[in-house]
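Quick heads-up: the structure tokens below are two forms of one chain, split into structure 1 and structure 2.
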Structure 1
């Protein structure tokens, strides 16, 4: 429970209508797209940077946790109020403040939605490329906080490559401007880049200056079917090594293919693996590249290759890939796709052995692991298909997850490529970054002496991952479905 004096002062800053403490409202902010749930004590919707600054200063005075939140599309518990406190909904700060394509930048507030920004830029034949899977809902502030990206990262990079400057409310309430509005900037420490991927633990991003680039004139898509998953992985390496630089290569295994077909009637070839490959650029170069991609896929073992620049067909194929996560929960009616092992990145040449290892681990533990991802940059995604009401499945899922990340680390991979760490991947990030954890903690303590800014996330989460579950299942201490507060639930508590 929050102190009444604190709440009264908080309402004085943001207004009664923008500070809510009723159970129904708080429940909506108790989870993101992942597996965890914990209720904040209050929800606020600030409208200005100054309101956020005043609120953070007040939180320091009362030692109340602050949890920044965009659209809640994150998958690892980033915005779950694991320690209670105030959930800060930034979606109301949603203005595109400036567009200067002649200088290659835009200025936006954190609540601007990715697709809406690109719709505005499209009128000027420019775009902001990262293309996350949740593009229709995710906010630019959330993308910056997690250094998000998507299928275009192989050619265009992640959010970090486009952030020129930030306005940030630091954990003690100061408003700090970082970076610049210029393409080049070597003035002092590059704090704007440092904030990217900090997941709300080092401050609240209140304004973002982004570099934008001209849209390519044309693109084309190829779909290649493989009877062996390892051959599809080798096909990715062969395309990159040729060299062709596609704007994206998406990998789907047989579980993903069947799930998408069941959900969308798209009629994809039901083989062991598909590659969805996109190239873009000048029309002549696109034609040459897509034909070369088809040739490489065939020589890598593809049983069939379709390629097209037809807009309707391209939309259909992309829709199939975008619908994959919800489609996976229809693969087996009594099971669900659970976010456990997810979003690892490996060297591109290691994709074949890595995906093979994932399937071997799944077979060992009697679960299904669907494998897909942005294979062109080595960013693999997995979803564990299991019965979320079966405690034994959770135990096997947790064991399989640990082995999956061990396999990733063994080939020189990293725990997260684009989704960030939050809670769900914290133990595996800590294992990967052993020599850095104490330095990360020192930076956090220095900038946030009262530890109010999204506490107990990333390097500071030292418990397991099967905890504070949003599912009504008993594991150890269990999650009580009659306890919407989500306090102390799960086997690690």
Structure 2
């Protein structure tokens, strides 16, 4: 429960209409796109940077946690109010403030949706490339806070490659401008970059200056089927090593293929791996590259390859990948696709052995792990298919997740390629980055002495992952219907 004095002052800052403590809001903001949930005590929708600064100062005075939040699409409990407090919904600050394509930058508020920014830029033949799978829903603030990226990262990089400057309300309420509006900038600590991936633990981003680039004139798509995962992996390495720099290579394993065939009449070839390869750029280069890609796939062992630059056919070829997520979520009547393990990156050449290891782990635990991902940058995604209402499945799910990350770390991979850490990845990040954890904690304690900014996440999450679950299943210490608040004690330390 929030102190009444705090709440009154909070309403005074953001306005009554922008502050709610109703059940409906507290419950809905308890969740993000992941498996955890815990209710905030209040939800606010600030409209200005000054309001945010005043609110953060007030929160310090009362030692109330503040949880910044964009669209709530992050997948690891990032914006789940695990210590209660105030959820700060930034979706209402959604103005594209300036577009200067001639100077290669735009200035936006944090609540601008990725796709909406690109729709505005498309009119000027420019774009902001990272293209996360959640493009139509996620905010630029959320992307910066998570250093989001997507299938084009191999060619265009992640959000960090585009953030030139930030305005941030620091955990103690100061408004700080970081970076610049120029392409080059080497004055002092590169703090704007440092904030990327901070997941709301080091401040609230209130304005973002992004570099933008011209849209490629053309693109083409190829789909290649491989009987053996190893051959697909070799195909990816051969394409990149040739060198052809694709704008994306998506991998689907046999579980994904089976799921799509089960749910649609697309009739994908039932092989161990499918690759969807895209190239973009100048029309002549695109033609040359896609032909080369097809040739390399064949020589790497593909049983079939099709490529096209025809708009209609491209849509057809992408259909398999597009229908994969719904197909997986309905793989078996009582099962669902659960966000466990979810996102990891390995050296590209290690993809085949890693996917095989995932399958073996799944078999051992009686669950199904579907693997797909952005193969060109070694970024794999898994969906764990299991009955989310069966406590046994959760036990196996947890063990399988630990083994999956062990397999990833063993081949020199990392715990998360793009989705970030939050709660669900915290134990594995800690295992991977042993020497960094204490240093991260020191930075956090220095910048956020009252530990109010999205507390108990990442390096500070010390419990396991099968806890505070969104699903109505009781696994000792997990969801307790009598404690819907699902709160962890504390908030300040």
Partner chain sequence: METKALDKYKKEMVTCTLCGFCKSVCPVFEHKGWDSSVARGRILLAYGLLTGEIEADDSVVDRIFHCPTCNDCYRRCPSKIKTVEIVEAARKDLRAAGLSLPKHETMIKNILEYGNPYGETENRLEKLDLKPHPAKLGYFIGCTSAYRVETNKAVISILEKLGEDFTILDEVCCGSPMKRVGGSDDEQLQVVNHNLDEIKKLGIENLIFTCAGCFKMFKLDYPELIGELGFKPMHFLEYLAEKDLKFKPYPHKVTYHDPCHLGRHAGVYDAPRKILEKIPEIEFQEMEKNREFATCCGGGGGLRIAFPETSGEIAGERIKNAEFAEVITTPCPFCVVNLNTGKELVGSKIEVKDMIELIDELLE
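The term rigid core refers to the maximal set of C-alpha atoms that superpose within 1.5 Å between the two forms. Positions refer to the first chain, counted from 1. All of these numbers come straight from a predicted model, not from anything done at the bench.
Taken from the structure described as the form predicted in complex with its partner chain is structure 2, whereas structure 1 is drawn from elsewhere.
Core-superposed comparison between structures 1 and 2: CA of residue 116 displaced by less than 2 Å. Taking 2 Å as the criterion, residue 196 does not count as shifted between structures 1 and 2: its C-alpha moves by less than this amount when the rigid core is aligned. Taking 2 Å as the criterion, residue 324 counts as shifted between structures 1 and 2: its C-alpha moves by at least this amount when the rigid core is aligned.
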